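The chain below stands alone, shown as structure tokens; this is the form predicted alone.
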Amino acid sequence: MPTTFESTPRQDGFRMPGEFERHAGTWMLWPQRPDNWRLGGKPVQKAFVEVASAIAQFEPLTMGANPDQYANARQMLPPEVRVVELSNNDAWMRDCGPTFVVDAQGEVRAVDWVFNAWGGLVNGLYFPWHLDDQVAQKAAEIERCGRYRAPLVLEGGSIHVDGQGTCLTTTECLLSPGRNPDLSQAQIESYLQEYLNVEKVLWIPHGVFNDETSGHVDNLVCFLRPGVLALTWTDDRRDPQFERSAEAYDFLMSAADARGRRFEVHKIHQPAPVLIAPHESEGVDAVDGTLPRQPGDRMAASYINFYLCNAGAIVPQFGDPQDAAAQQTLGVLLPERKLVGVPAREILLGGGNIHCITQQQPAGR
């Protein structure tokens, strides 16, 4: 059995690499939950196949599936995708999966955060979540890598690191009442420093408007490389996102990273507001304890929720005129990568996007 360490990654010389660093592969989970995905998850399963197929061009991909969906996932996915039985409550591998850390010798270990469905019984999105909370441990077992069980409720989408000592997060998310109400901001920051091995945590005030994760940073801003950021943006001052993006821009432009560098911040204009259509709402099962999908509700659409894989970038597309502009801008900013656009509205209907359904495993020895 792989070791569960009582120490911390920082004490043992392990760090979380930046997403732009080399990967051993990517992890995903297969969607099926009918009270989150419309029509029993059938449309979004096709979207997950497109995302998985795109990533598999660049690096190995593992798809975890519940036992009752294993055969379906195996049949729908291309043969180069590894499919394993991995019980789960829903398909957000970024948030319930492990955060992998590495040391200078190339050993890889997993950080297993406490997962409570984005806020537990206070402001969480579903119950129960016990299967999701076991996903990180099971992935570590499959990979035969050691594990740290962090004493902190945290989702992978709430953090971004540059691999050189800097972490980005949002106050809106990590200080929300359903996550760690007994911990102060300073205590949470100390845990981030210990389990990610970072020196500096930058607390951006708010995430994207109407983001049901309480403002995950991965929908707002991300590292393209150390010192270089992409930020979701709108020029429409009447849009409630304008104030949030402007606030984040001002904060980041006045900040420095752990090495003292000032940030280069590139604005990526968001699509026009994406609203849930009546037929989309009607296709979702209404169940007590889960977030309803009402017609006309605005979804937190952002091009920043893309995924960097080896020599590639998988970018969400919304059927919006801004799709091409976002793809073009990111192509200029990421000249070393091949950009692949994937239609992502079906994923967005579930409350997240491409980055939210993926988790990178960094390359080790």
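All of these numbers come straight from a predicted model, not from anything done at the bench. In this text, residue numbers run from 1 along the sequence as written.
Only in words, not in the display: the form predicted together with ligand KQY, which the text now covers.
Transferring ligand KQY from its position in the predicted bound form by superimposing the C-alphas around the site leaves no ligand atom within 2.4 angstroms of any backbone or C-beta atom here, which marks the site as open. For a residue to qualify, one of its non-hydrogen atoms must sit within 4.5 Å of ligand KQY in the predicted bound form; none of M28, L86 and E143 qualifies. E212 is the sole member of E264, D239, E189, E212 with a non-hydrogen atom lying within 4.5 angstroms of ligand KQY in the predicted bound form. This chain is drawn without ligand KQY; in the predicted bound form, the residue among P9, G351, G18, G341 with a heavy atom within 4.5 Å of it is G351. When contacts are judged by a 4.5 Å heavy atom cut-off, L125 counts as touching ligand KQY in the predicted bound form. F100 falls outside the set of residues with a heavy atom inside 4.5 Å of ligand KQY in the predicted bound form. By the criterion of a heavy atom within 4.5 Å, K200 is excluded from the residues contacting ligand KQY in the predicted bound form. In the predicted bound form, ligand KQY sits within 4.5 Å of a heavy atom belonging to D95. Segments offered: 229-237, 190-198, 145-153, 117-125. Contacting ligand KQY in the predicted bound form at heavy atom distances within 4.5 Å is 117-125. Residues of 148-180 are not found to place any heavy atom within 4.5 Å of ligand KQY in the predicted bound form.
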